[in-house]
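Just one chain is shown here, as C-alpha cells, and it is the form predicted alone.
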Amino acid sequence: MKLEVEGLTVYFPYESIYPEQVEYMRELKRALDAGGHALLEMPTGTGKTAALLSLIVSYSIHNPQLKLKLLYCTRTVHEMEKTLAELRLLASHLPNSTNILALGLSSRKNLCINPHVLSAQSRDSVDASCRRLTASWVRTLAHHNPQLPTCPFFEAYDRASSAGPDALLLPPGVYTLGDLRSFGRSKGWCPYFLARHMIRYANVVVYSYQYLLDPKVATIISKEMHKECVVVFDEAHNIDNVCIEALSVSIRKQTLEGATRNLTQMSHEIERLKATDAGRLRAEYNRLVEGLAQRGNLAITDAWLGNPALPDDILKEAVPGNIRRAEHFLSVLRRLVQYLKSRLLTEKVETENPVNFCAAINSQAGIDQKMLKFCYDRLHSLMLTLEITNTDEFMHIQTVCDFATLVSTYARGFSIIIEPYDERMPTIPDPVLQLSCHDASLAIKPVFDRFQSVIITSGTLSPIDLYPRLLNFSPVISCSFTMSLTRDCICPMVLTRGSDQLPVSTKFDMRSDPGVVRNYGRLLLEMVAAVPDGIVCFFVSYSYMDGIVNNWNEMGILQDVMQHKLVFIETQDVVETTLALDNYRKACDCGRGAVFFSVARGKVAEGIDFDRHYGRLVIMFGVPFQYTLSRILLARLEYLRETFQIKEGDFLTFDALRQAAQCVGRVIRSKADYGMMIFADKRYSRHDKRSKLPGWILSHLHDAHLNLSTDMALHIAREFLRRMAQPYDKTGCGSKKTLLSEEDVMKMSEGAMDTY
C-alpha cells in the first residue's frame, strides 16, 4: 500500500497498517527532517522493522539530492537475516524505476565459501586462515611460485574488481548472507571481500553494532561512510553495555603467558629478518619517523584491526624514538608484560585511575605515556613488517597493546581494578586485571558526531529519559508508543506470595528459604497443569537456576512437572542450548508441551522469540539485578553518580527492569498472538519498581493483578485462556480499529478519525 505521512509518500509492503506504525513513521520523519537523533520505544510485535525500513527508504527515494544511506545495526545474525527478508519484501513494492542495493555484512566465518578456510573452528582461526591465503606478501610470493596456496575465490574477485575502485560488481537487489554466498559461488568470487567492497555503494547496509561502536573494527569497516547516513540501532535497550564492552579489556595470567610466547616468537622473526632482509626493517624505521599515517592505504587483506582509541591527528605524529626500532619496541613490551605480571601477584583488591596507573608504569618500568599510546599501532606495523599471517596466535600480545593504548589515552571514565579471585569463589585463585570503561558515551560519541541522524529504538527503553543521560546526547525526538489492540491479548500479573500466603522473592536473604523455593515450585506446577503448549521461565542467574532446579528435583516437584510437560534448560554452552531449543519447539509442535528454563541477560533472553504456541506464559522468577558486590559495577555506579547525577538505586532498578521487560516481551510477537506474563517477586508490587516497566506492559497491568497469590494467579490464567479461545475481529471497529487501510490512514491524517 501507499500512504501519506506529513506530505511524504511512503511505500509499505502490507495491505494494512497498525495505527502505532503510522505514529512511529510520523515521529521518525520529523527526526529526519530536523537532521537530528531520536529515541523511539515501540511495543514488541507491532512491526517496528517494517515501519522503519519503509519510512527511511521512501524518504531517500523522494529526496534524492540528500543521497541518504541507511546503516541498520542489529545484535545477532538471526536479526540481520530477518531485517533483510523484510527489506526484500519492501523492495518488491517500490516503483519499478527504483534500483535499490541492500546487503548484509558479517564476519568471514559467516560469509566465506572456501572449504579449507571454513574448516577452522573459531572466528579468529577463520580470519587467520583467510590471511594466510590472501595477505599481500603471500600473493606476491605465489606470483613467483605458483605452488604456494592462495584463495582462488579472492583471486577471482580481485581480477574482477581491477577494472577500478568504482567497479560495481553486484547488480541491484537485496542480498542476505546466504544470497551473497550463493552469488560468490556462481561467480567464483569471495563473498566477504565483495560485501566489504560493495557497502560503500549500497543504499542499505545491515550489520552488527560492533562495526560502528567498537573503534578497532569501525575504523576499518565503516571509515568511508559519509555524514548523510541514517544510523539505526535496533533492539538497543542494552546499547550502553555494548559501548562499555567495546572499550573494556581484561588481562589474566594466561594472557600474559601467551604474550610472553608471542614476544619470543617475534624476537626470533626479527633476528631472522636481520640476517635475510634487513632493508625491510630499515624501511619501517624510516616510515615511523614520518608518522603512522605515512604507511598509506593498506591492501584490504592486510588491515585487520584499527586503533582502539587514537584520533587521526596523533597518527600524523612521529612515533616515539625509543619504540621505532623493532627490538627496542619488543623490549618495552617485555617490561610492560613483566610489570603487569607483578601487579597480578596482589593478594587484595586494588583500584586505580588511569593517570596513577600510567605514572606507576613510568616510575617502575620506565615506559612513558606516549610510548603506551602508540603501542597498538606500533604492534600492527611490526606484524605487517614481519609478515605475520597467523594473527589468531598473537591475540594475547594484541590484548596487552589494546590495554596500553586505552589506559594512556583516557584520563576519565575508566578504572583499573585488580582482583586476586572471584568474590563468589574466594578459595580459587584467579587473578584478573580489568581496564573497565564506565562511560558509554565515549564509544558512541563519534557516531553521534559523524552522522546526521541516529535512531535508537527497541520495545523496552523505559524510562526513556535515562538514555540521553547515559549516552550523553540530545535527541530531537523522544517518544514511547502504546499498542492498539482489539482484545487484551497480554495479561501481566504480579505474584507476591504463594498459596500459603508466604511472600516470594529472590532477595539475597530470602532466595534460599525453603518456603520460597517450594512456593516457586508450586507456582510452576499449577501453571503447567493449566496452561497449554509452551511455558518459558526466566531466573536471575545461572547459579540461582542451578540451585533452585536442584531443590525442586529433591522435593519431587520436577518429576510432577514432567508429568505434564517436558523440561529443557539453557546452559552456558551455545551448542547445548541450541539443541535444547530445537527439542523444546518439537515438543510444542507435537502437542506434548514443554517448559524452558532460561536466564535473564542470557542468549535466549536477548534474541529468541517464543511466539504463538511456543510461549503462552512467561514466568520471571525474581528481579534480575546485577551482582551488586561486583567491583566493576560499584565503580561504574560511582562514576554515573558523580558525572551524570544518576543515583545508584535508580540505575540498578532501571537496569533490572529493562532486563525483566526484555524477558517477558519474548512471549508476544504479533497482535494475533496472546500470552501471559507473571512477575513472581513481591518487589514488583512497589510503585518505584513497577513504574519503570514499558508503557505497553503497564497499560495492561490492572490493579486487580498487582498483589496475587498462586491460586489467584491460576484463576486469572484460566479466565484469560478462556477469553482468548473466543473468536474476535482482527481489524477492530470504530475507535478501536487496529488495522488501517489506505483510506483509513487518509481519514486519520485529515483528522476525520480519532484513533487514539
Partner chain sequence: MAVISVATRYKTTVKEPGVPGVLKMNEERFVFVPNDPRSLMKLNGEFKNIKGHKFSKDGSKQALLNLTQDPEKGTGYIFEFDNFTDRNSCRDFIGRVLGKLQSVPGRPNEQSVPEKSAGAPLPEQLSAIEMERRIKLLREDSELLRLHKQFVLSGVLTESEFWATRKALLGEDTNRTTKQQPGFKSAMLADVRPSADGRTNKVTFSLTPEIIQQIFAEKPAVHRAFLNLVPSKMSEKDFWTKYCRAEYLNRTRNAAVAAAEAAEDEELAVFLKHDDILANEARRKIRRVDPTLDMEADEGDDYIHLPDHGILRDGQKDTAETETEVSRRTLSQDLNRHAAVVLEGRALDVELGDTRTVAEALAWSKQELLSKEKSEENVNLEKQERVARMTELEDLQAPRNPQYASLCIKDPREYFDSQQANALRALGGTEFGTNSLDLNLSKEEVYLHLKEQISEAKSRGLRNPIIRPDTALKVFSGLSQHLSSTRFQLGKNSQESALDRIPHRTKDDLMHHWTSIQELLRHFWSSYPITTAGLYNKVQRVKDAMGQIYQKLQEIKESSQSDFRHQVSLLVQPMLQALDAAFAHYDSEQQKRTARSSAKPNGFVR
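This one's a predicted model, so the numbers in the text were calculated from it and none came from an experiment. Positions refer to the first chain, counted from 1.
Keep in mind that the form predicted in complex with the partner chain is missing from the display, and what follows is about it.
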Check all three, K82, E245 and T578, heavy atom within 4.5 Å of the partner chain in the predicted complex: yes
Under a 4.5 angstroms heavy atom criterion, identify the one residue in R666, R108, H380, H237 near the partner chain in the predicted complex. R108
Can you pick the one in V289, A672, A411, A163 that has a heavy atom within 4.5 Å of the partner chain in the predicted complex? A672
Contact stretch among 492-500, 524-532, 227-235, 554-562 - heavy atom within 4.5 Å of the partner chain in the predicted complex: 554-562
According to a 4.5 angstroms non-hydrogen atom cut-off, is A318 in contact with the partner chain in the predicted complex? no
So, D368 and the partner chain: in the predicted complex, are they within 4.5 Å at any heavy atom pair? no
Within a 4.5 Å heavy atom cut-off, is S208 in contact with the partner chain in the predicted complex? yes
Given that the partner chain is not shown alongside this chain, does F644 nevertheless sit within 4.5 Å of it in the predicted complex, heavy atom to heavy atom? no
Contacts with the partner chain in the predicted complex - residues in 584-613 whose heavy atoms fall within 4.5 Å: R585, K586, A587, D589, C590, R592, R601, K603, V604, I608, D611, R612
